[in-house]
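Presented as structure tokens, the chain that follows is alone, the form predicted alone.
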């Protein structure tokens, strides 16, 4: 495929801003507001690195598909007739028409509605009507997109040569994810939120909890507001919460050791093409799930788990996703830029495939915490977007608890420099 490229006339300005980025500080305004940086981000980040797009539970049967828009690209993620997950460019090899137009559905074959070129679910061209002598159908299959499923999490990469370090990352996170058996889940709810902010502000907001104590009352029923603090820097008002955290953590580690579940922090959010962070951590309250009282929201536990009190397995991926694996359900989040100041945030809640709505789980209870938290975050980042557009804005320093924000921005700057030096 041909990689996207930012307009040549703008390279000097964007390169200058990248070069003078001050570590430990927020980015300058053009990174968040300019169309030139959006084009650069699509070319240097979203077109060249692994991005999370869906779960296998969203394409459970042969022919099931979802379509994902990444800048000008449209990608079909589907399960083929051999039940393998594939990703295909949604561009007919005849005259380029989009083939699938819905966000999700199921097909027998992939038929272009323009001239009825027909492809099998693996992208092979089957029918092209009457063609000139010598026409070779085998040369006109749908273009493939690199795709990987890690324990049911589907990642795609639009580059011809995807980052090779993904194999290492997949191997290291698999033992953390495996006990929850995402492939035996189903989608209980999915919610798309259009946030009125640059995608980087959305990700930066997710990478810290400096704002959680005051901004997320539903989340902090179970999420300890001490996230990001060093043990010797806990504010006095948060010491009771920290004490509960230490006690809950000790119990969680005992439970994990008894079952052979890994829980240690691996944080490699920058310094490598595929930045990630994984850790199993305790929850407050009943310690079972993201609900108001911390109790499980679904009566059927995931995988082979024998207790709901397994805290939260949290996974962060640069550039566009984060995940929470609980004992009773899983929540996935993906971020895709729509414009310099608009971002799609897709949240998906998954429960065991045998769980029955209204019997084993109540969708309102299941989704309440993150539905409310997402809405609150949407308001926060919209205010931030308005602020960085203001002529009075200048980048401020990150707080000590915002180390993951700095890691995200450092990774992002690494990608822009790598792209410039290609």
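Positions refer to the first chain, counted from 1. Everything quoted here is computed from the prediction, not taken from an experiment. Throughout, rigid core stands for the largest set of C-alpha atoms superposing within 1.5 Å between the two forms.
Keep in mind the form predicted together with a further copy of the same chain is missing from the figure; the text below concerns it.
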Revision key, fill the gap. Within 4.5 Å of a further copy of the same chain in the predicted complex, heavy atom basis, the matching stretch of 178 to 186, 107 to 115, 280 to 288, 161 to 169 is 107 to 115
Review point. Taking a further copy of the same chain in the predicted complex as the reference, which of 259, 299, 143, 346 has a non-hydrogen atom within 4.5 Å?
Key: 143
**Study point:** The unique member of 66, 51, 384, 57 whose heavy atoms fall within 4.5 Å of a further copy of the same chain in the predicted complex
**Key:** 384
Review point. Can any non-hydrogen atom of residue 390 be found within 4.5 angstroms of a further copy of the same chain in the predicted complex?
Key: yes
Check your understanding: Is there a heavy atom of residue 333 no more than 4.5 Å from a heavy atom of a further copy of the same chain in the predicted complex?
Key -> no
Review point. Any of the heavy atoms of residue 121 lying within 4.5 Å of a further copy of the same chain in the predicted complex?
Key: no
Check your understanding: With the cut-off set at 4.5 Å between non-hydrogen atoms, does residue 205 touch a further copy of the same chain in the predicted complex?
Key -> yes
Exercise for review: Tell me whether 219, 292 and 307, taken together, all sit within 4.5 Å of a further copy of the same chain in the predicted complex, counting heavy atoms only.
Suggested key: no
Check your understanding: Taking a further copy of the same chain in the predicted complex, which residues of 15 to 43 have any heavy atom within 4.5 Å of it?
Key -> 26, 38, 39, 42
Check your understanding: Comparing between the shown form and the other one on the rigid core: C-alpha of residue 238 shifted by 2 Å or more?
Key -> yes
